[in-house]
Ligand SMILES: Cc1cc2nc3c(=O)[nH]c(=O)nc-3n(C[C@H](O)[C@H](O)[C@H](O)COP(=O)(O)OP(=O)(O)OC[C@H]3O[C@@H](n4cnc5c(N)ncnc54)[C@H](O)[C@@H]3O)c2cc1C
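First, one chain by itself in structure tokens, the form predicted alone.
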């Protein structure tokens, strides 16, 4: 009997050891939470530094909001600018960025964004990205917004080449794996708790965790909580942009910053929440209100323009452009394919289709064309007047919609997350829209992709170094 009991004890001990072994947490050097442009950039840099990396994405595919970016990616001193002979400077780019943010930006972070912007574009081009088309978005004084040839959307191109690098480098990507908890010991983050697509929970331990989970613009509950004025707004964000980092850091000594600073994009199609690229205005499109009147500088900062648009009759307006603008931006054809665009062969037909006053609409377009011919917008002081508008005309109904969260986790220039005393929390990094401070009160159009790549790369480069 005693031999049987001893034997059984040995068996249970062996079995228990096997179970403990099977349940032992995984181990890697770096964990990246979120596979948008910033998270993938961080994973690539960490992997190229010789570190083991696990990239976790809660959605079924990579890209996040980055996949939806349309207008372009800002940079100074890129190979594209240099080849085109454009005169630009870091000081001018920084000045435009700070002015857009109403000088509430974290100056050090904004300066780093500008300094590393050209390098970020060149890095993507080195992977095969097409960023050869240069344009100008609202708030810029120089053509520094890089996008694919023909004016195609920038996000899908960037996500494409970054995704190819994930495969080439053999990075351990896990989609439909959501991080539900950070594991920390004595103010040092040491790993994560993950729930996979089957509902099983498991732990991964690491020297560094990079939060790149994006903002919360896809959650009406959250953006209204932080800014009640946005109740009822449509959003351009994908469904996964729910601010997961807010819950992940809730038990850490961190004060989130600028959470109420949520940017509305001026031109969003109101029925489906589809972002209409700022490049249409940048290439010469104008805004007309429901009465048929032009009412603003179409290239004003996004927050200013959004507020002016909300003050117009019914809070809705029409974005007007012509054949030459359509031909210069392939994104315009995508809107036509989605049946968002109204077409007219003359001003009178356009007035009839839009149900606006013909006299006012004619006066608005002819007056604008006169400003273009004279080189000065005497009515609303628009600085950039690329072209006169001629038939045939195209129009899209637009209104402001929630687009970007300027607030989030406080970070330093090494992308380390800071505690309430401004001291880095060991093992924890962040990049992209999960962070705050870079853009101040309002983001300059085209700076989100730059932010994602610049600070994603920094997070990946430093995450496995400062904790050793």
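Note that this is a predicted model, so its numbers are computed, not measured. Residue numbers count along the first chain shown, from 1.
Unshown form predicted in complex with the ligand; subsequent notes refer to it.
Using a 4.5 angstroms cut-off on non-hydrogen atoms, would residue 72 count as touching the ligand in the predicted bound form?
It does: once the ligand is placed as it appears in the predicted bound form, residue 72 has a heavy atom within 4.5 Å of it.
Close approach of residue 212 to the ligand in the predicted bound form, 4.5 Å, heavy atom:
Within the cut-off, so yes.
The ligand contact at residue 154 in the predicted bound form, heavy atom, 4.5 Å
It does: once the ligand is placed as it appears in the predicted bound form, residue 154 has a heavy atom within 4.5 Å of it.
Mark residue 446 yes when one of its heavy atoms lies within 4.5 Å of a heavy atom of the ligand in the predicted bound form, and no otherwise.
Yes, contact at 4.5 Å.
Want to guess which of 76-84, 197-205, 213-221, 117-125 is within 4.5 Å of the ligand in the predicted bound form, heavy atoms only?
Selected range: 213-221.
Using a 4.5 Å heavy atom cut-off, which residue among 53, 33, 417, 438 comes into contact with the ligand in the predicted bound form?
Exactly one listed residue reaches within 4.5 Å, namely 33.
Could you list which residues of 239-259 come within 4.5 Å of the ligand in the predicted bound form, counting heavy atoms only?
Counting only heavy atoms within 4.5 Å of the ligand in the predicted bound form, the contacting residues of 239-259 are 240, 244.
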